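Okay, here we've got a single chain as structure tokens, the form predicted alone, with questions on binding and movement later.
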Amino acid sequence: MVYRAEYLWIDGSEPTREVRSKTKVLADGDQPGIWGFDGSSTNQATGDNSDVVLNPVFECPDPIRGGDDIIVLCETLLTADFSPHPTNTRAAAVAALAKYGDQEPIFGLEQEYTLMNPGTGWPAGFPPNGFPAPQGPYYCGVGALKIHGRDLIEEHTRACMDAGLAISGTNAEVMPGQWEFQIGPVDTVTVADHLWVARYLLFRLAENHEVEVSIEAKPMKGDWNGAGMHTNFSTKAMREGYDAIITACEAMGADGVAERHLAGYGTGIEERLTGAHETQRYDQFSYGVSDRGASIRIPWQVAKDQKGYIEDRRPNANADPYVVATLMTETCCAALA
């Protein structure tokens, strides 16, 4: 008997990293181990020294293939000494969790994305050479005139559940053809591991539906919402008291910190964070209770209970979740130490 292991890794594509995969056939009883790939084809090596190591870090059932087949998420290492490859952003997340794990950092990531019609290059629900009705009825909407792609979304949700990922919800978003799924609440490393696998499952299942998935920050220019990866975060102290909530918010807006975070929050920040469409401007920082126009939103329930979590609304849909989780863990936990 044999089974298949689908090895996943994050490539070196610029400006937005992408997930890559290839299949290894293993004999029954054999465990997936270290493997490799041609880094010169993924912007991770030169042709004269092209090998990059794949080191398995997370496994789950493969819900698409079924049976005994599995998915193996890997980190990339250098062949010389097995140290983290320069494109390996997971290593920093592991280090941040090891340093601040006693504060019990917990994340929930909201991955927005847009289903694109390959024939027109426009979002699903946009008529050829025209526009749908303005935003308003699409968010969490119901009905064939408002919703496009639900079959794929239902299939993806079930696949994430069958894979054992920490998926906690899905919903239609503000622009036609735009959706969101949520991963969490889990720690700094697990949330990013699961989100990358969930992205892979979404892209892979979309192939069967002949639709393209875009995580571009502003897939439609003009008066349409962009796509973000709103990041919900808390520590043990934040879950126990409101002073820690304010401390975390103030730390995120300190001199130089906001700029450092935005540099790691994905491509197209200036196009998406304009101050319109439920965003604060990229060059301004603010936080407030129940304010979706702020950089950091404090949910109303948190203000009422005087404890809970914060939502960083700045990360783009195309951000690397390892980078986002590392930045928030380091900044907030250092301030609360």
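Residue indices: 1-based, along the sequence shown. Being a predicted model, the structure only gives us computed values, none of them experimental.
Just so it is clear, the following notes concern the form predicted together with adenosine-5'-diphosphate (ADP), a form of the same protein that is not shown.
Contact with adenosine-5'-diphosphate (ADP), judged by heavy atoms within 4.5 Å in the predicted bound form, is confined among 279 to 287, 41 to 49, 301 to 309, 58 to 66 to 301 to 309. Of the listed positions (182, 135, 117, 267), a single one reaches within 4.5 angstroms of adenosine-5'-diphosphate (ADP) by any non-hydrogen atom in the predicted bound form, namely 182. In summary, among the residues 252, 106, 198, 213, the only one with a non-hydrogen atom within 4.5 Å of adenosine-5'-diphosphate (ADP) in the predicted bound form is 106. The shortest heavy atom separation between residue 234 and adenosine-5'-diphosphate (ADP) in the predicted bound form is within 4.5 Å.
Contact annotation for residue 157: none of its heavy atoms lies within 4.5 Å of adenosine-5'-diphosphate (ADP) in the predicted bound form.
Interface membership of residue 110, defined by any non-hydrogen atom within 4.5 Å of adenosine-5'-diphosphate (ADP) in the predicted bound form, is confirmed. In the predicted bound form, adenosine-5'-diphosphate (ADP) sits within 4.5 Å of a heavy atom belonging to residue 239. With contact defined as any non-hydrogen atom lying within 4.5 angstroms of adenosine-5'-diphosphate (ADP) in the predicted bound form, 168 is the only contacting residue in 162 to 177.
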